[in-house]
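Given as structure tokens, the chain that follows is alone and in the form predicted alone.
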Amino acid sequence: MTHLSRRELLRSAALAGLALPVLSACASPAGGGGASPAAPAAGATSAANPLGLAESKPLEVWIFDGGFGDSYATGIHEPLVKAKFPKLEIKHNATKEIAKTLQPRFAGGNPPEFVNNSGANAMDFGALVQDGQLADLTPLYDAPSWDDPGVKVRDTIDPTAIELGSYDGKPYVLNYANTVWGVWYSQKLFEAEGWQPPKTWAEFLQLCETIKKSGKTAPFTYAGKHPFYIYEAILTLAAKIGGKDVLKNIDNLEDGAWQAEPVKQAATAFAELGAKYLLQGTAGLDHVQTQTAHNKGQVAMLPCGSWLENEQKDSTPADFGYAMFALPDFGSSDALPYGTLHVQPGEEYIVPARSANPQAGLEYMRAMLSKEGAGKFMELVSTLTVVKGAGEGRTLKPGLQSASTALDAAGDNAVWFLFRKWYAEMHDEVAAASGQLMNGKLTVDQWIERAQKKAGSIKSDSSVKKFKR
């Protein structure tokens, strides 16, 4: 049996017209990188053309035709570039089959300048990086921003986006859309009842008690059949209590990471919430059922990501008024301040290093990262982006406006974890245990024991590739 290297596998699959499985953009590829690509050198740079694109060569754009469609490219980003570089020919393309369509061109050495590498048929990021196929985005991030030449691009975006798109410390992937998690509620209901979003955990429990005693609605629920929704909240609270290293240690499979006191405190807090304030039958409900119950006024609050409003748009009452709040302060000794959020950029874009005009691909990204490019994208597809302040002055739906305001207020106080992408078995175990914790079938100590045991087994399994933050 012949063993192929990852680069050989990429080429072989491409030539055969096969799609490779997607790897998370935050995972470092195994082994060393590929040979440095013989990319065309940048042209003359200037204040108007800081990346040195060649207007004499076309900019070929490929967009994944998925949930966002491709009209944001043709109606927003491409016109921005064309206005600044009128002689530049832009060739627009869209497909649902990114890998099937483009992988042969990468293998053949004639990739396009810009690719939205997304969807179920996306190309393998790790293999592309290892094969030397992707342009280093450092020149983009160090370039003057589209809106203010005195500010670098990197200083206008969420730094998490750069970290999650990096391999071995080098940025190769632009994560553009942004998801923030929080506790969601109806502004109409809260205003009618005189309820205020809580800022401390004591206020949160008091609010739950007030809602429960009203007899009008249940205080809290989550997608019981998908308990990731609740362990996300538990871990976010743990990081708020103990700092960002709490989640970094968990991701890095550090011994005792799950036994850390902030993790225990957060799990204990949510176990109490589960024992006293859950919507009856939560354990048997999926995300659609809990969100529908929320829309119908059967429950007051639920934890979710900022896609919620758009996902529920067909069943939400017109005057519902989605809004979210960050997890409250647990105590005065919290390591991170009020407003800390779990933030995770996604929706990946790349510039192929071996295209004929990669600087044009980088310039296209610079336009995307302008306030106009990002703000109009937010309005059109109803999602946040990694560009700071992009929602200012925009007409956003109530929930998206609430999430945007929370994200701006959080600033650098963003936390995230990656083991869900890196180690599927660990995700499954923590999710299952978290559901049992909320239902009273596991104690906090038993929940911790299960999570730590699974982390230990993955750490000691030599067949599992390990990743590090």
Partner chain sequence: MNYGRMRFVTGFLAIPVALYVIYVIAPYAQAFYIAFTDWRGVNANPRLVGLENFQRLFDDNVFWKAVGHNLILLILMPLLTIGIALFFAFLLNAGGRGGTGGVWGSKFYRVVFFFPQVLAVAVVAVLFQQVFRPDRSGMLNAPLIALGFEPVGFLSDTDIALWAILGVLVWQAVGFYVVLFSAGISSIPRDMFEAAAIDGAGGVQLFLRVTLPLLWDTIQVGWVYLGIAALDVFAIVWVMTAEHGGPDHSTTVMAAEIYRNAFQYFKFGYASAMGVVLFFFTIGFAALALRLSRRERIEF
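What you see is a predicted model; the values in this text were computed from it and never measured. Positions refer to the first chain, counted from 1.
Not on display, but discussed next: the form predicted together with the partner chain.
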- prompt: How about Asp65: is it within 4.5 Å of the partner chain in the model of the complex, going by heavy atoms?
  reply: no
message: Please determine whether Lys225 contacts the partner chain in the model of the complex, using a 4.5 Å cut-off between heavy atoms.
response: yes
- prompt: For Ser370, is any heavy atom within 4.5 Å of the partner chain in the model of the complex, or not?
  reply: no
message: Even though the partner isn't displayed, in the model of the complex is Asp461 close enough to the partner chain, meaning a heavy atom within 4.5 Å?
response: yes
statement: From Leu273, Ile90, Leu285, Ala356: within 4.5 Å of the partner chain in the model of the complex by heavy atoms is Leu285
- request: Taking 4.5 Å between heavy atoms as the contact cutoff, choose which of Glu55, Asp412, Asp408, Glu425 touches the partner chain in the model of the complex.
  value: Glu425
message: At 4.5 Å between heavy atoms, only one of the stretches 47-55, 398-406, 66-74, 434-442 reaches the partner chain in the model of the complex; which one is it?
response: 434-442
Contact set, 47-70 vs the partner chain in the model of the complex - heavy atom within 4.5 angstroms: none
